[in-house]
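Just the one chain here, the form predicted on its own, laid out as structure tokens.
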């Protein structure tokens, strides 16, 4: 296994962003940048022996700075949406940025995807990775508490990308961290509609027209959201009233248990992805908003459905839905979650 660092470019204030390159013994290579903690590339061998980049992204730092799609980034403090950009803790109201009016999305105007993280390398003989660290100051984007965040990425010889999240606060606050990688197991050269998906979830959280959960936990059976058995992503996507999938699934698992929660298979490359997490939910997003106007790596124009996201998470708007699994973190607690994406050829 190998790991090395190279310069990626400079921010407007002169600070340098780096690329951390991790290569395992199977020649799989994962590239990350400390700008936004972003996964910029992940190449794996397909069933034909070709190296396939399965992560959408940009060729330069300037595009990531401009990006509004959260490609590959760490999301925080709160992944997904909070209704009316507002929540209360112990009788005190906290107003957040309504960056997807009227709601708050993915941490606000300057979320964790738009900051330069400190980092250190993990460079052991049988373990290579990077630890990103960031201090989110009290009232940053409206959230209470100084929040020390640590996100560790490791690439194994089993082609597993392991992501460990930790956070500690000095005030009671809400935390819901995730990664927003857009995956495409055919090398990002076509849509993902032929990818075959299974999600280990019998329920989901229905949403209103602004994608805020109604509070109901409803069965997927009999709906176009039923991926409890393997189905092509494109089989029913056109029947969705929002033009695709952007939905939170309630996973069939015990709270905090680390389990397999989703499988994706691409028949042309023979690549299979297994997703494991400790989280209670996962957001399936199918790049509904891509319209061909964005040119990504290798001059590929990202059209609608050119990627899928499986964002492991607590549920959207949990701060305002007391019956949802809690996202409150107290000063005497440590927030943690673990997610693994494992990719291999079949």
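Positions refer to the first chain, counted from 1. Keep in mind that this is a model prediction, so the values were computed, not measured.
The form predicted in complex with ligand BGC is left out here; the points below concern that form.
Comparing 175-183, 192-200, 269-277, 142-150 against ligand BGC in the model of the complex, the single stretch with non-hydrogen atoms within 4.5 angstroms of it is 175-183.
Taking 97, 121, 211, 237 one by one, only a single residue has any non-hydrogen atom within 4.5 Å of ligand BGC in the model of the complex, and it is 211. Out of the listed residues 35, 315, 285, 302, 285 is the one that sits within 4.5 Å of ligand BGC in the model of the complex by at least one heavy atom. Taking non-hydrogen atoms only, residue 81 approaches ligand BGC to within 4.5 angstroms in the model of the complex.
At a distance threshold of 4.5 angstroms between non-hydrogen atoms, residue 321 is out of contact with ligand BGC in the model of the complex.
With a 4.5 Å cutoff on heavy atoms, residue 70 counts as touching ligand BGC in the model of the complex. In the model of the complex, residue 53 stays away from ligand BGC, with no heavy atom inside 4.5 Å. For the three residues 106, 246 and 311, a heavy atom within 4.5 Å of ligand BGC turns up in the model of the complex in every case.
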